[in-house]
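Heads up, the chain below is alone and in the form predicted on its own; it's given as structure tokens.
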């Protein structure tokens, strides 16, 4: 039974504020958080069907240290069969969240790595502070992004930018992410709330029906492009998990040591 402890919700002025609240693990995505995200998606979908959709979803963290530090590797480090199930579940949940035809803004403070960046990329807009850190560290673990990151990074910043981030495991500051096109808005911490407020006002000032229609069209296009890509990503993630390098990478992460590849 989902207890809604890791994801908090509050609606004010028809804006749904969603706060990720697992600070002791830097909001690392585990089974419970993914299940709560799925429940959130289902509830918003029901609201849309009943004509009670929010004008905007603002997704943020309760901590300034991290938006989401990644998937919680402890969920699958000791059970490869469970790992494949976890990756498939995470990809499905985040894809369904991306498909919600209501504008979604990810508000990033601190780290947005791996699964955290994949969740941010499932939002329509990303706003961040300059000191935030973005990256796909999976190749350093012998893995690839498994929650849709290869597809959504390529769609957002092009295949060249996605290659650079994923192959090298480079970490980008908020400023660098803005230059690359990975995020939409970036400001120093003392100016950030003003910038965010301006963006929110812009989004809620336009026609909600027109925005919803546009998002349905764009989501359909992304699905048409991405169905096979997401399947191949999931299969590749599972294959790497079963490989010697994938096992070594996960073990090394848990043991807090550099992995020994090749």
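Values in this document were obtained by computation on a predicted structure and should not be read as measured data. Numbering follows the first chain given and starts at 1.
Same protein, other form: the form predicted together with a small molecule, not shown, and the subject of what follows.
- Query: Quick check: do 65, 137 and 256 each get a heavy atom within 4.5 Å of the small molecule in the model of the complex?
  - Reply: Verified in the model of the complex; spot residues all in contact, yes.
- Message: Please identify the residue among 244, 24, 10, 13 with any heavy atom within 4.5 Å of the small molecule in the model of the complex.
- Response: Selected option: 24.
- Query: in the model of the complex, which of the listed residues (172, 113, 162, 121) lies with a heavy atom within 4.5 Å of the small molecule?
  - Reply: Contact check passes for 113.
- Task: Counting only non-hydrogen atoms, choose the one of 205-213, 39-47, 25-33, 221-229 that falls within 4.5 Å of the small molecule in the model of the complex.
- Result: Stretch with heavy atoms near the partner: 25-33.
- Should residue 108 be classed as touching the small molecule in the model of the complex when contacts are defined as heavy atoms within 4.5 Å? No, residue 108 stays farther than 4.5 Å from the small molecule in the model of the complex.
- Message: Under a 4.5 Å heavy atom criterion, is residue 74 part of the interface with the small molecule in the model of the complex?
- Response: It does: once the small molecule is placed as it appears in the model of the complex, residue 74 has a heavy atom within 4.5 Å of it.
- Contact label in the model of the complex: residue 166 to the small molecule, heavy atom within 4.5 Å: So residue 166 does not count as contacting the small molecule.
- Task: Answer yes if any heavy atom of residue 83 is within 4.5 Å of a heavy atom of the small molecule in the model of the complex; otherwise answer no.
- Result: So residue 83 does not count as contacting the small molecule.
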